[in-house]
Structures are given as C-alpha cells and as structure tokens.
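A lone chain, given as structure tokens: the form predicted on its own.
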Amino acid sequence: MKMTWRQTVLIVSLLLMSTAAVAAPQVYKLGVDGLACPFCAYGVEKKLKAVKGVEKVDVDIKTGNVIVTVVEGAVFDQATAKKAVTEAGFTLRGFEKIPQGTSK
C-alpha cells in the first residue's frame, strides 16, 4: 500500500501527539524561606536547575514560592529539593506536587 504525503504527515502528527500526552512534565511547588531579592532567586534557580530532570524553575520572591517543572520519569522528591535549596543558602519550608490540570 502506497501512502500519500498527507497520510504520512497525519500518522507522524498522531504519533507525536500521543507521545507528548504520555510524557507530561511533573510540577512541584516549593516554599522557600529567605528569598529577599533577585540575586537570591537566581541562586535558588541555579541550584534547582542543576538537578537532573529539572526543566524549568519559576521563583516568586514576594510569596517565597518556587515552581519547579520536572520531566516525567525524573526523580524529584522532598529530599532532593531540600538539598538544592539548602546548598543555595535557604530553607525549604514546603514541598507539594501540583496535580496535573490544576492552576499554579
């Protein structure tokens, strides 16, 4: 059976969409004490981004919350978060996995 260009594109698109749906990132909310300035935020961000599997780090200095996005399958637990935050010179006061499909 000979496939047309459209059929090939459709099949590849469906495969990519199904893979993307399966490989959803995991999101965590960390409470960090001691964040007072952009330099502090950068220090925490740098240490967290060094953790294997961490894709994205968003720091909110006002609330002291750090949102960490991790690739699916990567190990990111409270001990890992605490180690990174402590190495940056701050205190981890909260660790929460944000369920898929909820707002941050």
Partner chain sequence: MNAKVVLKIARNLVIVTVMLVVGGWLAFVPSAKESPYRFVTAWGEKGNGPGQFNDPIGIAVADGEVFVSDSRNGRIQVFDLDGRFKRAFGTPGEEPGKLGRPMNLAIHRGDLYVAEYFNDRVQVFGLDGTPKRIVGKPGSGPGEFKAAGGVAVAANGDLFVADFYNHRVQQLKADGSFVRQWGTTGKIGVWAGEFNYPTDVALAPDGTLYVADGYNDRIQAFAPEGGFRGKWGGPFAINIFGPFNGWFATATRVAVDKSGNVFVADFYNQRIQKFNADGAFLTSFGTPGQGPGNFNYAIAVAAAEDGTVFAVDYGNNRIQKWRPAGRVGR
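Residue numbers count along the first chain shown, from 1. In this text the structure is predicted, and so the values were computed from the model without any measurement.
Here the subject shifts to the form predicted in complex with the partner chain, a form of this protein not shown in this document.
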*Only one of Cys37, Ala79, Val75, Ala50 has a non-hydrogen atom within 4.5 angstroms of the partner chain in the predicted bound form; which is it?*
Cys37
_I'd like to know whether Leu92 contacts the partner chain in the predicted bound form, with contact meaning heavy atoms within 4.5 angstroms._
no
*With a 4.5 Å heavy atom cut-off, would you call Lys29 a contact of the partner chain in the predicted bound form?*
no
*Could you confirm whether Ile61 comes within 4.5 Å of the partner chain in the predicted bound form, counting heavy atoms only?*
yes
